[in-house]
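Quick heads-up: it's one chain on its own, the form predicted on its own, in C-alpha coordinates.
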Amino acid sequence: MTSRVYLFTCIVCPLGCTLEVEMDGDKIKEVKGYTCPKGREWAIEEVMNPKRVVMSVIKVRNGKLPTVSVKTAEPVPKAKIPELMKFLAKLEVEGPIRVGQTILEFEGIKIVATRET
(Lines give C-alpha, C1' and ligand atoms only; values in the text may rest on other atoms or scores of the structure.)
Protein backbone atom coordinates (compact mmCIF):
# COMPACT_ATOMS: atom_id res chain seq x y z
CA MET A 1 0.00 0.00 0.00
CA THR A 2 1.06 3.54 -0.73
CA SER A 3 1.39 5.86 2.24
CA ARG A 4 0.53 9.57 1.84
CA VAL A 5 0.43 12.55 4.19
CA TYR A 6 -1.86 15.57 3.70
CA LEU A 7 -1.26 18.85 5.51
CA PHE A 8 -4.05 21.38 6.08
CA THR A 9 -4.81 24.49 8.04
CA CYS A 10 -8.14 23.87 9.72
CA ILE A 11 -10.89 26.36 8.80
CA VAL A 12 -13.50 25.21 11.31
CA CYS A 13 -12.65 27.84 13.94
CA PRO A 14 -10.26 30.82 14.38
CA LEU A 15 -7.52 28.67 15.97
CA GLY A 16 -6.34 27.54 12.50
CA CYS A 17 -4.76 24.29 13.70
CA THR A 18 -2.19 22.66 11.43
CA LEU A 19 -3.62 19.24 10.64
CA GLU A 20 -1.80 16.22 9.33
CA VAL A 21 -3.71 13.28 7.86
CA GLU A 22 -1.73 10.13 7.18
CA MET A 23 -3.25 7.68 4.69
CA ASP A 24 -2.36 4.04 4.16
CA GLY A 25 -3.78 3.26 0.74
CA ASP A 26 -7.41 4.40 0.80
CA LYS A 27 -7.70 4.30 4.59
CA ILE A 28 -6.93 6.97 7.15
CA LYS A 29 -4.15 5.81 9.42
CA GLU A 30 -3.89 8.82 11.74
CA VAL A 31 -5.00 12.45 12.15
CA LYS A 32 -2.70 14.77 14.11
CA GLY A 33 -2.73 18.42 15.17
CA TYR A 34 -6.43 18.99 15.90
CA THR A 35 -7.60 20.55 19.14
CA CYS A 36 -11.30 19.72 18.78
CA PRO A 37 -13.39 16.86 17.34
CA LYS A 38 -14.79 19.15 14.61
CA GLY A 39 -11.28 19.79 13.30
CA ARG A 40 -10.60 16.07 13.11
CA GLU A 41 -13.91 15.46 11.27
CA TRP A 42 -13.18 18.31 8.83
CA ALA A 43 -9.70 16.94 8.03
CA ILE A 44 -11.09 13.47 7.36
CA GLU A 45 -13.82 14.86 5.09
CA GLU A 46 -11.30 17.08 3.29
CA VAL A 47 -9.26 13.99 2.38
CA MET A 48 -12.09 11.53 1.73
CA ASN A 49 -14.83 13.71 0.19
CA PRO A 50 -13.98 17.43 0.00
CA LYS A 51 -16.94 19.78 -0.43
CA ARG A 52 -17.40 23.48 -1.12
CA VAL A 53 -20.19 26.04 -1.14
CA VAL A 54 -20.30 27.20 -4.78
CA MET A 55 -20.98 30.83 -5.75
CA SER A 56 -21.72 31.99 -9.26
CA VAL A 57 -24.07 34.14 -11.33
CA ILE A 58 -26.90 33.21 -13.67
CA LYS A 59 -28.61 35.20 -16.43
CA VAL A 60 -31.91 37.01 -15.72
CA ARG A 61 -34.60 38.02 -18.23
CA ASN A 62 -36.66 41.12 -17.38
CA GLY A 63 -34.80 41.83 -14.14
CA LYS A 64 -33.29 45.08 -12.83
CA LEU A 65 -29.87 43.60 -13.67
CA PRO A 66 -28.85 41.11 -16.40
CA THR A 67 -27.49 38.57 -13.88
CA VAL A 68 -28.11 37.47 -10.31
CA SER A 69 -25.49 36.16 -7.88
CA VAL A 70 -26.28 32.75 -6.42
CA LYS A 71 -24.77 30.19 -4.07
CA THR A 72 -25.49 26.62 -3.10
CA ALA A 73 -27.45 26.26 0.13
CA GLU A 74 -25.02 23.56 1.27
CA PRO A 75 -21.55 22.33 0.28
CA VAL A 76 -21.22 20.40 -2.98
CA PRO A 77 -18.70 17.57 -3.52
CA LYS A 78 -15.67 19.06 -5.33
CA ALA A 79 -15.94 16.42 -8.05
CA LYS A 80 -19.43 17.75 -8.94
CA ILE A 81 -18.43 21.44 -9.18
CA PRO A 82 -17.50 21.45 -12.90
CA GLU A 83 -20.83 19.80 -13.75
CA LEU A 84 -22.68 22.33 -11.57
CA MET A 85 -20.89 25.28 -13.22
CA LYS A 86 -21.83 24.02 -16.71
CA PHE A 87 -25.44 23.63 -15.51
CA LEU A 88 -25.53 27.19 -14.12
CA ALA A 89 -23.91 28.67 -17.25
CA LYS A 90 -26.79 27.40 -19.42
CA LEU A 91 -29.55 28.83 -17.19
CA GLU A 92 -31.62 31.95 -17.70
CA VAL A 93 -34.36 32.79 -15.20
CA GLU A 94 -37.23 35.26 -15.24
CA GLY A 95 -36.94 38.37 -13.05
CA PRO A 96 -37.60 39.84 -10.61
CA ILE A 97 -35.57 37.73 -8.19
CA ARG A 98 -35.60 38.24 -4.40
CA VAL A 99 -32.67 37.72 -1.99
CA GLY A 100 -32.88 34.24 -0.52
CA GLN A 101 -35.17 32.96 -3.27
CA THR A 102 -34.49 29.38 -4.29
CA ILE A 103 -33.86 29.58 -8.01
CA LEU A 104 -33.74 25.83 -8.62
CA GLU A 105 -32.08 22.67 -7.37
CA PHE A 106 -29.05 20.75 -8.60
CA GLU A 107 -29.11 17.10 -7.53
CA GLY A 108 -31.21 18.00 -4.49
CA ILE A 109 -29.09 21.01 -3.47
CA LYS A 110 -30.85 24.38 -3.54
CA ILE A 111 -29.37 27.22 -5.58
CA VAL A 112 -30.24 30.44 -3.72
CA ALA A 113 -30.14 34.08 -4.91
CA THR A 114 -27.79 36.29 -2.88
CA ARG A 115 -29.11 39.64 -4.22
CA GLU A 116 -32.18 41.14 -5.80
CA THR A 117 -32.55 41.79 -9.48
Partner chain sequence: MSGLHIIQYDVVVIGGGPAGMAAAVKAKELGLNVLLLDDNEYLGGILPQCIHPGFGIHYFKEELTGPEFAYRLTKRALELGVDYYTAARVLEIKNYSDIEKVVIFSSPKGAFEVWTKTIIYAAGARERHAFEIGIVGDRGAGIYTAGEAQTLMDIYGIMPGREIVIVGSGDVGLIMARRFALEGANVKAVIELMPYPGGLARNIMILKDFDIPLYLSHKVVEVKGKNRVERVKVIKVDENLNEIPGTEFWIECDTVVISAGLIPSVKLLTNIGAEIDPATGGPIVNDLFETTIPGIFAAGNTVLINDLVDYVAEQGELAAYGAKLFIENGGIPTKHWIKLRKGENVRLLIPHYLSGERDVFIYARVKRPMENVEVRFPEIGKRLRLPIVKPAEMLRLKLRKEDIAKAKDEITMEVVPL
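By rigid core we mean the largest C-alpha set that fits within 1.5 Å across both forms. Residue numbers count along the first chain shown, from 1. Bear in mind the structure is a predicted one, so any value in this text is a computation, not a measurement.
One more form of this protein exists, namely the form predicted together with the partner chain; it is left out here, but the text below deals with it.
Q: Given that the partner is absent here, does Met48 sit within 4.5 Å of the partner chain in the model of the complex, heavy atoms only?
A: So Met48 does not count as contacting the partner chain.
Q: Evaluate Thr102 for contact with the partner chain in the model of the complex, applying a 4.5 angstroms cut-off between non-hydrogen atoms, and reply yes or no.
A: No, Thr102 stays farther than 4.5 Å from the partner chain in the model of the complex.
Q: Is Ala79 close enough to touch the partner chain in the model of the complex, meaning at least one heavy atom pair within 4.5 Å?
A: Contact check for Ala79: no, nothing within 4.5 Å of the partner chain in the model of the complex.
Q: Is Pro66 close enough to touch the partner chain in the model of the complex, meaning at least one heavy atom pair within 4.5 Å?
A: Result yes; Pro66 sits at the interface with the partner chain in the model of the complex.
Q: Fitting the rigid core first, would the Cα of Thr35 be found 2 Å or more away between the shown form and the other one?
A: Result for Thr35: yes, a 2 Å-plus shift.
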